[in-house]
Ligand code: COA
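First, one chain by itself: the form predicted on its own, in structure tokens.
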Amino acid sequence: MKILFLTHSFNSLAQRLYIELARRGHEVSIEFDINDAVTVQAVELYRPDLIVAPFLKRIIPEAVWRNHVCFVVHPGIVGDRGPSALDWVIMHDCAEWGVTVLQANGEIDAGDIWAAETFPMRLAKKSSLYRNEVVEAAVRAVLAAVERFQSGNYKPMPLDYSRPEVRGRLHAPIRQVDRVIDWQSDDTRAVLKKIHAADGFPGVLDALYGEAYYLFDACAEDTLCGGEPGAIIARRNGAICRATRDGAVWIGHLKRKNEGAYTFDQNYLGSNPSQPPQPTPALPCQGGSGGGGSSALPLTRGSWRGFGSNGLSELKLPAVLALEGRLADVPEAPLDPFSGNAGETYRDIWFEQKNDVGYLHFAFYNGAMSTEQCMRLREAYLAATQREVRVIVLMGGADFWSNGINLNCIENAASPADESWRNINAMDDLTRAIAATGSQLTIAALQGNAGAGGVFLSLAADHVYAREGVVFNPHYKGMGNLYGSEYWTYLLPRRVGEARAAALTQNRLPVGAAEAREMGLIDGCFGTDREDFLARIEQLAEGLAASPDYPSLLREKIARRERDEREKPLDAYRAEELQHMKLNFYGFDPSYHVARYNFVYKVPHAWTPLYLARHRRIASSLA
């Protein structure tokens, strides 16, 4: 079938559904929900058999839903209606929730029901629940609904609140007043629920040092305690620890409430770390990671002024960075990544050893890796190579493997260009340390999605495995024609060949784990859920470490690296990649800076890029 996605953005759910439907032979085209006229035009151009709305923030135009079957994916159980569905269910501490696929009509979330799935809840961030339980339930429900639609003989169920199994209800949008933390009265669990329910967006509004901040990225602390509830009692690796009436919680990220216009910085590009790059032809400015948005800035380095920097109010930043200069009296609470079981606490890097296998975890918020995090992870990795282990498993985090450099921290820097340069070099140093390891065999175990430099970081390992539902985005171009580094020009072609490498990096489309395995990007995918995946990874790692062939496998690895080095040194790959990156960061074309700005400030898309909008590519070719 011809299926049109109508979506606010090409988010994790939309990408996963795109992969699953394309895998089953459907022709999928995507249109961002910009306004009614654009939506109507997209439908007229594509003439789809079915419209699917994975992620919307407004009602589908009547001219569309009256003339076409439109599936709306709602993150709620049957009968649940209205926005903030996940927010409310986390706040209410429900044991079970679900996803419903309903047919759009004139009322929000009130159409006939085509499919529904449920899942058990857990105490977790809204963003984590969405990327995992919601996405998996939505895939099952949408595939069932599409199959029923194709059959031509399925009659969807009208929403009927008199039926006992219809447990959902219409609810109002959640407000900040509903999320307010009463530090004197709320216990640790209540504080966690409120911050979890607002994670990703919009955060919980609270006061720190007399100013308003949104709180994100919370976890419990079971050792540190004491202090007035709400007081900051410790800091660690960018996070702050705040006392509660019965314990403490860590807050990983803050966003200052906007109180005015952005500042402007004439020196936004910064200084070249080595020599000024040669001028490059001006290219059309491109939008953020989704490809939308544009700029009319003159493309000369001396005449255009950069976007705001120096601590802008709307950036979501590590808490310590957001409160820079105000935490001098707050003690550090260091935690050794190799300290073993630390209980409930904040840690973004930690190491576990079981028999001859070492497991290095790095759970960075949204998968973004700042310069400082890359440096700490490299130090931990090199320390792991000195331990008595035969295999090192790079675990990433539960929600993400890695998404590469940290664009928010870069945007916040006095010179985003200089910080971009530092960040990409720190990523390169980390990638090289893994790729050049001769003392152990390595496995990259992708529990969650990977994008841009994070994909190529995983390819530095000897073996790469992913959970079945993982989505890869092995490209950089959506971020303003960014060229990328992390030795991708070496690591990617050796797995998939030069032609496939060029296609993956140019097409800018997501790749499912099964497709990644088929093309050789990874070595395997398995695990219906995270627990299954981790159990299988442990079996593989233990088997590799205990294999009688281990010594010969290690010798072969070392010999292969030596042959590759003689053919073309890693330094040469890096130098070539960084020459391109230097132009991205310091050259005359500001596309990367514009795209990054659009991404971190969530600038709405101005149009759908042609690589997603198949219907517009076709129309353009016929014009």
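What you see is a predicted model, and the numbers here were worked out from it, not measured in a lab. Residue numbers run from 1 along the displayed sequence.
Below, we refer to the form predicted in complex with ligand COA, which is not included among the displayed structures.
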query: Every residue of Ala452, Met479 and Lys602 near ligand COA in the predicted complex, heavy atom within 4.5 Å; finding: yes
query: Contacting member of Thr437, Thr244, Asn408, Asn132, with respect to ligand COA in the predicted complex [4.5 Å, heavy atom]; finding: Asn408
query: In the predicted complex, the one of Ser84, Asn403, Asn412, Gln373 near ligand COA [non-hydrogen atom within 4.5 angstroms]; finding: Asn403
query: Interface segment, criterion being heavy atoms within 4.5 Å of ligand COA in the predicted complex, picked from 444-452, 457-465, 75-83, 383-391; finding: 444-452
query: Interface membership of Gly230, ligand COA in the predicted complex, 4.5 Å heavy atom rule; finding: no
query: Interface membership of Thr489, ligand COA in the predicted complex, 4.5 Å heavy atom rule; finding: no
query: Contact of Thr431 with ligand COA in the predicted complex (heavy atom, 4.5 Å); finding: no
query: Ligand COA contact at Thr608 in the predicted complex, heavy atom, 4.5 Å; finding: no
query: Stretch 1-30 - residues with a heavy atom within 4.5 Å of ligand COA in the predicted complex; finding: Phe10, Asn11, Ser12, Gln15
